[in-house]
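Given as structure tokens, the chain that follows is alone and in the form predicted on its own.
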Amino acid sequence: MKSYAKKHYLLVLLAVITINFFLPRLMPGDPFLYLSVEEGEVAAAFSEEQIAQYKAYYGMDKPLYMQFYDYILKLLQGDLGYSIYYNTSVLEMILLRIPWTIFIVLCALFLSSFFGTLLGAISARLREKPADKFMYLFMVVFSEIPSFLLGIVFLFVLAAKLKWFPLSGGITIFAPHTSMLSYMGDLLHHAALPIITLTPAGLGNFYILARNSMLTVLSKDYINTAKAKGLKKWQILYKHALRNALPPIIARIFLSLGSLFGGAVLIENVFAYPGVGKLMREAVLKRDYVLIQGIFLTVAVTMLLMNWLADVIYKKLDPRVFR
């Protein structure tokens, strides 16, 4: 089983690297026509001879298979290359942006896992009652709404109309912060809407998983024994049942971390939040192949790593699953 799992992840990684290389090159347009002094100007700022020099510098004058070979060699050395448009190390650009993305993803993951598990446990306790049916229907419907659509609604209602939150950005430009507390408050104020928007993406999954897992555990004999001993309902539900229902929920946390990381790419563009997602949009608009490759690879490897960690942790928590 271990050997099969390793081969599976290796094959997926190879497929990701291959697609990651060829997909940007299928996009229309030439990245060297976007090398312009003026932002938003789509015009050739260099002569054909200069563009040829740039292509030679980036190795794009070689046959495609040779470019792919060079790409693999650089990856093995940990080199993601230099951005064509920004003329900066791709790795450095990603490292500057990724903390913003990680912050909103971790906050959304905590909120969705905590409230989803809590509501799932309550729903399992109220099985077949009106409250359970209402929560189940609401969660199933609510979790199917695309995050970017929720983001647009929140942007118009909560930010533009009610003015409770900033419309865009990650921090107030040139704001006179007198203390670290003021600075952190400004960061949280700007991150609130992306977090609120991203949270429902995992809330329904945690709710349904916690509810089903709790229903399975509540049907076990040791729960009936606990009831016979006269233990209080909250003790049975949270001390005995929930503890034994946690392994699949913990595994789901790591699986959700990967998917939320991918979902944040869209959410950041709705709110112009300065994370990896916004950087990806800029790279696509500029046809910056090297930067696109670096971002796609980072997101894909993160999701694969989280899936692998979910398998490992689930195995540790419940070895019966892998027998």
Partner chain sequence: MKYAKLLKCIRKIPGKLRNFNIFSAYGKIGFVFVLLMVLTGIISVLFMGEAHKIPSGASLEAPGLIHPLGTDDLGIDILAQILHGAFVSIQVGFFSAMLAGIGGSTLGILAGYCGGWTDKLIMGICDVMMVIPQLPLMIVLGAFFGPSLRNIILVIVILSWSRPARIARARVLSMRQEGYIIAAKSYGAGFRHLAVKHFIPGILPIILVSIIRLISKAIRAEAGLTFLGLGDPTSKSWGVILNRSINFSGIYYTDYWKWWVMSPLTVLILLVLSISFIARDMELLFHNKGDKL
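Keep in mind it's a predicted model, so treat the numbers as computed, not measured. Positions refer to the first chain, counted from 1. Take the two forms, find the largest set of C-alpha atoms that superpose within 1.5 Å, and that set is the rigid core.
Below, we turn to the form predicted in complex with the partner chain, even though it does not appear here.
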{"property": "Residue 281, heavy atom within 4.5 angstroms of the partner chain in the model of the complex", "result": "yes"}
{"property": "The partner chain contact at residue 303 in the model of the complex, heavy atom, 4.5 Å", "result": "yes"}
{"property": "Touches the partner chain in the model of the complex: residue 155 (any heavy atom, 4.5 Å)", "result": "yes"}
{"property": "Residue 290 within 4.5 Å of the partner chain in the model of the complex, heavy atoms", "result": "no"}
{"property": "Every residue of 208, 262 and 269 near the partner chain in the model of the complex, heavy atom within 4.5 Å", "result": "yes"}
{"property": "Listed residue (131, 181, 149, 76) with a non-hydrogen atom within 4.5 angstroms of the partner chain in the model of the complex", "result": "149"}
{"property": "Proximity to the partner chain in the model of the complex, single hit among 91, 215, 145, 72 (heavy atom within 4.5 Å)", "result": "145"}
{"property": "Sequence-ordered residues of 114-142 touching the partner chain in the model of the complex, heavy atom within 4.5 Å", "result": "136, 137, 140, 141"}
{"property": "Core-aligned C-alpha movement of residue 130 between the shown form and the other one reaching 2 Å", "result": "yes"}
